[in-house]
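The chain below stands alone, shown as structure tokens; this is the form predicted alone.
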Amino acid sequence: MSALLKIDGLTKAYPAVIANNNISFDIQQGEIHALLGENGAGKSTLVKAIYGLVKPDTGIMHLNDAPFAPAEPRVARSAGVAMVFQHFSLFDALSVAENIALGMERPPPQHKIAQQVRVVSNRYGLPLDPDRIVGDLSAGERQRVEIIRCLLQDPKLLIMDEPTSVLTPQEVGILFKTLRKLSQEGTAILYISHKLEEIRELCETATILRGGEVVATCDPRTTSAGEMAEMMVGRVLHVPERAAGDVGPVVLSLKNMSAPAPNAFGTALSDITFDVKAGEILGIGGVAGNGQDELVAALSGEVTVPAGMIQLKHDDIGRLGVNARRKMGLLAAPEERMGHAAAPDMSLTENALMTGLARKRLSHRGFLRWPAARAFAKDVIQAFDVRTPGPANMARSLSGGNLQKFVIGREILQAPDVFVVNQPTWGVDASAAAAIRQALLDLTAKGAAVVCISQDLDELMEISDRFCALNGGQLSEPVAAQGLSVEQIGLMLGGAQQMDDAHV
């Protein structure tokens, strides 16, 4: 059988880097094919070339034995290539059917689109109400909108970029069932994920990139996650280890903390109660859109709450702003790194200055101490292996994973008493994720308390002492993380209160 997609010698260079270097591999019809590699390995450039967002410098592609060189996504879609991106491109104020119509070249009347959505979504086990407003949907349901939009194109090749990052374990199972059905019907799937156990469960072949080149091809079903990770990074992968340290007194305490939704599509927080002790990590899981951003804003001081709801080392801080809380030792890193945690058009030195001004003493008598700020940025770059020419580079010039390492390192090197972090390893490769998790563990070993909010359940189970779930702006009672099963965690994420016997 001839390959559905043949890639031969594809190369794409930018002024400072060769993103893809002579890449060649095939994808068979109906095959679920993994594309693996650490951040900066060239995965994004490659799939953008397939989807018509990037024009290769050299090399050729064939789709169904015909030359394939899409000049834009519209051409790729018409040839049978569809893509579900990691970041959803949906309008909250529009309905499901209206959002799907926006992705069509010549959309039929709304009632026909609605009928097609019902038929296709039920056929593939992803039921959707075409009349619902997208802003009212869960993250898992929003992903269904993106997938159904692609399936209505009847694709020959479906590209999926980190598709399970916003799903519960139960939703992952539903998605995998859908992808297997598509595969059986002859649709090929190019699957990108940093979750290697998922790759082993789902995919038949894996192409591994490193430094813009294909370095290995393997069968994930017979290759361990550790072996694939080592192929990706070219060395033995470090496994995070907890250093010896005692759990100390409570340093952060929330009592019935509530906050209104910030906008029509936000989530109100209701009666959030927990304590975090020095030397421990409280892991908070939850499907995206259940109040994570709102909780971080309330803890960091971006949003203030009435007195008596938040205490830091017995001081009431609910009415204090971000800078006051930072001076007292509570630091935070939000989920959105570009534009929230970091200013894209400012240098790394300037970004280091913005949050480190007080704790790193980067000003004196009203004057900024630029040499000290540059030294601080260099320390972050070196300590967290941030791949960049230097601190003068703009934040937007870094890959997502490297910017994530910079943002996390910038806060950790300020020695917080409490560190609140949302999605610490979102979109980073296995090696960088291990380094970030180790840094969080090392921080607790020095006596800090960490509140780690994440949709990566493996991550939370690896580093957390206690675990709780955020659902609809409400938090379950924390339980010991050790011994929790995937089924129990899934129930907690869905809002089920079946954990009474495990309460601590």
Partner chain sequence: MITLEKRPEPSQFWVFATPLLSVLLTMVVGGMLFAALGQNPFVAMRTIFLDPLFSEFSWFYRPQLFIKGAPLVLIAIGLSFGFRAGVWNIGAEGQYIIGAICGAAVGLAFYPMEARWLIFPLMVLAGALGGWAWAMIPGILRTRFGTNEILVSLMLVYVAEQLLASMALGPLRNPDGMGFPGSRNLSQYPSAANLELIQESAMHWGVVAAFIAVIFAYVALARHLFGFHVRLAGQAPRAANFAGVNPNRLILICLGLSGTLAGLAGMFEVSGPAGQISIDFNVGYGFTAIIVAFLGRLHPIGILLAAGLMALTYIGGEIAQSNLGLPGAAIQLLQGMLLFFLLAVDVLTNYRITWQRGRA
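Everything numeric in this text was worked out from a predicted model, so none of it was measured. Residue numbers count along the first chain shown, from 1.
Here the subject shifts to the form predicted in complex with its partner chain, a form of this protein not shown in this document.
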Check: Heavy atoms within 4.5 Å of its partner chain in the model of the complex: does residue 393 have any?
Finding: yes
Next item on the list: Look up in the model of the complex whether residue 109 has a non-hydrogen atom within 4.5 angstroms of its partner chain, and give yes or no.
Entry: no
Check: Do residue 161 and its partner chain come within 4.5 Å of each other in the model of the complex, heavy atoms counted?
Finding: no
Note to self: residue 370 versus its partner chain, in the model of the complex: is there a non-hydrogen atom within 4.5 Å?
What the structure shows: yes
Checklist line | Candidate site 361, 405 and 412: all three near its partner chain in the model of the complex by heavy atom within 4.5 Å | finding: no
Next item on the list: Choose one stretch from 189-197, 253-261, 336-344, 123-131: the one whose residues place a heavy atom within 4.5 angstroms of its partner chain in the model of the complex.
Entry: 336-344
Notebook entry, point to check: Quick one: of 379, 350, 417, 275, which gets a non-hydrogen atom within 4.5 angstroms of its partner chain in the model of the complex?
Noted result: 350
Next item on the list: Name the residue from 215, 357, 182, 139 that puts a heavy atom within 4.5 Å of its partner chain in the model of the complex.
Entry: 357
